[in-house]
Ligand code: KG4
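Only one chain comes next, encoded as structure tokens, the form predicted on its own.
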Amino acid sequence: MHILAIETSCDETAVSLVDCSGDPWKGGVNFNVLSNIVLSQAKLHAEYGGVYPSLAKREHAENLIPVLKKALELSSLESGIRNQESGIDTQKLEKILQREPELLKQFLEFIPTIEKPAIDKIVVTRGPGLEPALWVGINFAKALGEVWNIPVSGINHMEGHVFSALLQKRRDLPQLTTYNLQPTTFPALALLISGGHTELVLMKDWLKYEIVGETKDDAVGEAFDKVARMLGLGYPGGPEIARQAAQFQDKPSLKLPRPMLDSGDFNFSFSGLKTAVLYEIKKNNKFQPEADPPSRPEADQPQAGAETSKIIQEFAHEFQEAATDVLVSKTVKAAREYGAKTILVGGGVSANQRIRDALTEQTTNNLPPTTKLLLSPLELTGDNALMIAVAGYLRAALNKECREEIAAHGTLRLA
């Protein structure tokens, strides 16, 4: 099955074309990536210190056709130039894309000029995410489905992150970018950590989900971004915090709280940790960064003195340690409580090496040796359309076998 996937939930415009095969019940599921394009808007949003929704919407509308063009070229699924009239119902397209005039213009200039690609299904992120950004992708998928007469399905963004942790790149096919679905033993516990979400999700079987823990305020990725801004670092904050923390080699003198570490449940809170960083910065007479530092490329940022650099490194180190302690402790406790045989970890923050190392260590030391820890491949931790294609294929494949179960238990609700 050839799937075209579209992802526009936040500040990445992503399109992927994937050749999917195999049966999730029997194993041997493979995803041959024909193309996987991700166009990031991070530099555009850096001056705001976070994602600006109307700017994200505009950029998606301008970039979807160029990204689709590139994806089709790389995939070799584009079957050629049309020599006859397209027969496209422009009135229907105008209605679908009425809120996206720039996208409509590009759509009508490009899509009628090519033959229908060999695509069996279109899947698109339907949420959660920034609503203005989501609707651009959804309407684009609808327009393509209308013109090419291909079924379109909406996919939950967080389900994509769940399934990204199950993917393993095949090394036996070096000439191709191919992932296989790793065997999964249920119950499984998914830790989803990103700029917008921090959740622990129990999976009792395929497509059966229960949220057993979630943040009560800020998501962990949001806290990373805000603390980075307090320290005068760039956006996005996660990589900057990790880079500074890795340089801290001294004995720490700073101690930050571990919010809700012993709360007796599996929920999270990062707002208090962020505030604690702010108070400690204000108390430190040797370090007072700008209240609202301008965002500049790393090469253009002024070099801090040796003492200031050490202070920044210590704050970054202790904040990262505090966030890691809470995330890992809660995950291990929940895995023990629910008898999880597989732990899945996905989302942008799962790229943090300290968190990955701590999860590996604590899973090995504190859970049964049969517990399997599956971490999303680093190249798939951020938002991407490949994970949406994977979720779309698995839903299609599993529906054939368990339609009644899915109807009874409902679909995924992770936000």
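This one's a predicted model, so the numbers in the text were calculated from it and none came from an experiment. Counting begins at 1, following the sequence as shown.
Only in words, not in the display: the form predicted in complex with the ligand, which the text now covers.
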query	finding
Position in contact with the ligand when the complex is considered in the predicted complex, options Gly232, Pro236, Gly213, Pro259, heavy atoms within 4.5 Å	Pro236
Non-hydrogen atom contact Gly160 with the ligand in the predicted complex at 4.5 angstroms	no
4.5 Å heavy atom contact, Asn352 and the ligand in the predicted complex	yes
is_contact(Ala242, the ligand) in the predicted complex, heavy atom dist at most 4.5 Å	yes
Contact test in the predicted complex: Gly196 vs the ligand, heavy atoms, 4.5 Å	yes
Residue stretch of 251-259, 216-224, 162-170, 98-106 approaching the ligand in the predicted complex, non-hydrogen atom distance within 4.5 Å	216-224
Any residue of 357-390 that, in the predicted complex, places a heavy atom within 4.5 Å of the ligand	Thr381, Gly382, Asp383
